[in-house]
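Shown below, as structure tokens, is a lone chain in the form predicted alone; questions about how it binds or moves come after it.
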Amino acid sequence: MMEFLSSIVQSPRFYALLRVAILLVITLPLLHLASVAIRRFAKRHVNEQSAMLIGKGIFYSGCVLLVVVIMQNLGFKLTAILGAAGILGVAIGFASQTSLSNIISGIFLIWERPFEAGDMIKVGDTQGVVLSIDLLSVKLRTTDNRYIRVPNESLIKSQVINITRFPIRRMDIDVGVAYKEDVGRVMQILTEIADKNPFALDEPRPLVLFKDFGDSALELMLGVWFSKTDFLNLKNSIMREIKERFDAEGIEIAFPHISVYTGTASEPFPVRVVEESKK
């Protein structure tokens, strides 16, 4: 038994495996620490997404070099392996065209930067905060805390709305009032509501627009500028204030209704309700 153990210890293969184990134990933690440190340093000079990509690039590049060193220590011939890897890469390339398309789309997204980590975007019916932009997909967290993975190819082919790209936004609120109301008075009241709301910005000024003569209402629009972090506060407060102020001023908020005429513009179709007599 001792002779067997002694032969194993003295064999070159044992020392090669020992070197590989030491490399793995020492190098992998160092690579992780280096990628984290470089990412934190990069955040001071670039955006969070770029810092994340730099950190990942450092870690994966180090892993590739580590694999090459391990294979050399184990006695593999790299030329033969590289040749086989080239053939295998061509085969994988034909078999995974969708993945390659996503990778190319991811490179364009990273280069063009239509959005960054931390932005809220909308793609079709999907809306959420960008967690990361990777080579294959973009990870989102929705407002109700769901995790969504969107392939990069879908983002390239679709219309993407960056909701929080700019520091301020405008909220457009459609308001319909009855035809009997004074439009000028309604527009003045809407302006006063926007001016008094603490979440509405003074500059740019609120916009009140007489949009159209609707089927059942005079259609107006109130446009209020706000800081992008105050969306929910403004939405909840100003909608309530409009309803309360209109009720106090006696302004009727219109609802869909239909009037039936017999052919003239002045005389409505006569309708008479007759109560059924009890027998």
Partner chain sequence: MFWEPVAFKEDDCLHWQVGPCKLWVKRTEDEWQVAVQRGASENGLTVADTQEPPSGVTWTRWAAINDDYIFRLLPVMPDRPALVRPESPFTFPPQSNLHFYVSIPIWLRLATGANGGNVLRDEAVVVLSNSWFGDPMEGRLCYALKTTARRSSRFLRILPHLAACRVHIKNRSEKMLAFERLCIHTAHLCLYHDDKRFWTNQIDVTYGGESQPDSIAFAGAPKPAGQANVITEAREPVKKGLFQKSFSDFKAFVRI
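Predicted model, so just to flag it, every value in this text is computed and none were measured. Residue numbers count along the first chain shown, from 1.
In what follows, reference is made to the form predicted together with its partner chain, a form of this protein that is not presented.
Site annotation in the predicted complex: the residue of Asp195, Asp182, Glu112, Asp174 reaching within 4.5 Å of its partner chain with a heavy atom is Asp195. Contact between Phe210 and its partner chain in the predicted complex is not found at the 4.5 Å heavy atom cutoff. Put simply, Phe199 is close to its partner chain in the predicted complex: some heavy atom of it is within 4.5 Å. Using a 4.5 angstroms limit between non-hydrogen atoms, Pro204 touches its partner chain in the predicted complex. When contacts are judged by a 4.5 Å heavy atom cut-off, Pro167 counts as touching its partner chain in the predicted complex. Contact with its partner chain, judged by heavy atoms within 4.5 Å in the predicted complex, is confined among 29-37, 243-251, 64-72, 226-234 to 226-234.
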